[in-house]
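In the block that follows, a single chain appears as structure tokens, in the form predicted on its own.
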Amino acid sequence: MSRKSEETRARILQTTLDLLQSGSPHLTRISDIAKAAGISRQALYLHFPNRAELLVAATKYLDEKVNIDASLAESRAASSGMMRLDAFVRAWGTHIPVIYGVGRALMAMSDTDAEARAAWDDRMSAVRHGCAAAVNALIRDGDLRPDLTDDTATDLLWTILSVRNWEALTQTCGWTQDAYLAEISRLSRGALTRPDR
């Protein structure tokens, strides 16, 4: 891909993110995005064959911009299941405020917009993968509650770490980010790990 093509692609992705975060996410039709990016619809289609792929790419672009992989490095390198759980909860919990504007828009659009739902589901499946990795590390160490299966434990952790829960606690209830991280970490440990640990 040429430098000009890469620059155009980045401009399209950034424009998409800006429109999602603008408070007017309904302005994310291909024609709206192309106009805001200063290109034709045909030029946009050269980079993204459909809107669903564009929305998925935009959310991944945001993760790249804020270097989510660096945030997850501690979790991925953890030497114990408990350390992996704690580090994953901290990394994702810290990442939620960064992606909240885009997430809020995609969640609001999801009931009536299959492409927005596909983009959000794609990102949430990545979070679920991280939850499963933390649960598997607990299983490996014998620290998972014995009455939980790996799937049930993954379901629990994924739900505890949902953006909607963060939104309710910080935006509606007024919790600070530090209070959220502390309590969600305690809740995650309490829900998943053996009481004798």
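The numbering used is simple: start at 1 and walk along the sequence shown. Values in this document were obtained by computation on a predicted structure and should not be read as measured data. We call the rigid core whatever largest set of C-alpha positions still superposes within 1.5 Å between the two forms.
Although not depicted, the form predicted in complex with the DNA is the subject of the following passage.
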Using a 4.5 Å heavy atom cut-off, which of 144-152, 63-71, 168-176, 47-55 contacts the DNA in the model of the complex? 47-55
The single option of I39, I139, A133, L156 touching the DNA in the model of the complex, heavy atom within 4.5 Å: I39
Contact of S31 with the DNA in the model of the complex (heavy atom, 4.5 Å): yes
At the 4.5 Å heavy atom threshold, is T193 in contact with the DNA in the model of the complex? no
Rigid core fit then F48 CA moved by 2 Å or more between the shown form and the other one: yes
Answer yes if the Cα of I184 shifts by 2 angstroms or more between the shown form and the other one on a rigid-core superposition, and no otherwise. no
Flagged pair L44/A105: C-alpha distance shifts by 3 angstroms or more in the model of the complex. Which direction, closer or farther? closer
Direction of C-alpha distance change in the model of the complex, E53 to T112 (at least 3 Å): closer
